[in-house]
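Below you will find one chain, with nothing else, as C-alpha cells; this is the form predicted on its own, and questions on how it binds or moves follow later.
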Amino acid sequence: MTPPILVFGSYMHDLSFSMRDFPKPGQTIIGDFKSGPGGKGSNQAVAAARTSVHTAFVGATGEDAFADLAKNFHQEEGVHSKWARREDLATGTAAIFVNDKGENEIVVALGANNSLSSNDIPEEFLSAADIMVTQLECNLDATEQALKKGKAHGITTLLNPAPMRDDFQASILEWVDILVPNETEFVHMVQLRVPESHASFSEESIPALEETDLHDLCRQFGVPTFIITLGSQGCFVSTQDRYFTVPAITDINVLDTTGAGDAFVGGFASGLIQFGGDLEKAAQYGNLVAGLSVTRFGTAPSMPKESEIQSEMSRRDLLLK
C-alpha cells in the first residue's frame, strides 16, 4: 500500500541524560545516560506509523554508525524511508537533559539535516500522499520547497514550526494548510507577525485571552487551520469559520515530556487519515497519542502503538470511529 502520510524532515540520534535537577553553569553532576533514535521528523513519522497508518519519510544522514542505526530502526518500525546519505557530513545529533519533573533542555547539531533537499523526495511519495508533515529542524529553504511541491500535488500540508529559529521567514506560511506550534513557538510567531501590538506577548498571555480573541489572533496568519498545542491543557484549534479547544487526557503519570509535540503531530496526521479529515477527532487522537508518550522515557521509543492506543480509547470510552 502506498503511504498516505509523507514526513519530510530531520533525523537526529538522541543522547539523553536524566538527572534530579539541571546543572548550573560550571557545575558537574551525576546522571543516567541513554542513546537512541530521534529527530522531530523521524519521531513524527514513527508516531504515525505505530498507529498502523502507512507512513513515508524523507531525511538525510551522514555515512556513519548513527546513519546505519537510523536505517535499521525505520525498517523495524515499518516506515517507508528514503535516505539522502551525505558522506562529508555527520548524522544529526541531539543532547537532551531531563530532570525529575519531566522537564527537558535540548541542544541539536543539525549535521546532514541542513543538506536535505526537496529533490530528495521520490515522485511516487508525492503522488501517493494525502498529507505532508514538515518541521524546522533541517534546511529551511528545502522545507519551503517541499511544501510548494506538496501543494502542487494537491497534498494537505502541515508545518510544525519547531524548533523555532531566528531565521524563520513567515513567507513559508503561504504554502501551509495546517500550522501546529506549541505555546513558545506561538509566542515567537505572534511577536514576529504583530510586533506593534504584541511586543510583550508571552506564554502567560495565552490563557488570559478569551477564546474569541485567541481565534482572532490565529486568523492574522492567513493559514486555513491553526492548532496551538498547550501541553496539559490540550490544544486550541482555529479554522476560517470556527474554533474550539480539545482537552488533553488526564490521570497520567508524566515521566518525560520530550517528544510529546512530535507524538501529537504524528498522531494528528494519522487521525486526519483515519477519520476522513475530521479535525476534532484528529486532535483528540493526537492528544491521546501525546498523552501516552509522556508516560515513558525517550522520544521515538516512547511513541505508543496501535494496540495501546485502542486499549486506552476503550478504557476512557473515547469513541472516535
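None of the values given here were measured: they were computed from a predicted structure. In case it trips you up, residue 1 is the first one in the sequence shown, and so on.
Keep in mind that the form predicted together with a small molecule is not shown, yet the notes after this line are about it.
Q: Report whether the minimum heavy atom distance between residue 40 and the small molecule in the predicted complex is within 4.5 Å.
A: Output for residue 40 is yes: heavy atoms within 4.5 Å of the small molecule.
Q: Heavy atom to heavy atom, is residue 299 within 4.5 Å of the small molecule in the predicted complex?
A: Answer yes; at least one heavy atom of residue 299 falls within 4.5 Å of the small molecule in the predicted complex.
Q: Indicate whether the small molecule has at least one heavy atom within 4.5 Å of a heavy atom of residue 259 in the predicted complex.
A: Taking the distances in the predicted complex, the answer for residue 259 is yes, it comes within 4.5 Å of the small molecule.
Q: Do residue 136 and the small molecule share at least one heavy atom pair within 4.5 Å in the predicted complex?
A: So residue 136 does not count as contacting the small molecule.
Q: Which of 204 to 212, 164 to 172, 233 to 241, 102 to 110 has heavy atoms within 4.5 Å of the small molecule in the predicted complex?
A: Contact-bearing stretch, as computed: 102 to 110.
Q: Tell me, out of 248, 142, 190, 96, which residue has a non-hydrogen atom within 4.5 angstroms of the small molecule in the predicted complex.
A: Partner contact (heavy atom, 4.5 Å) among the options: 96.
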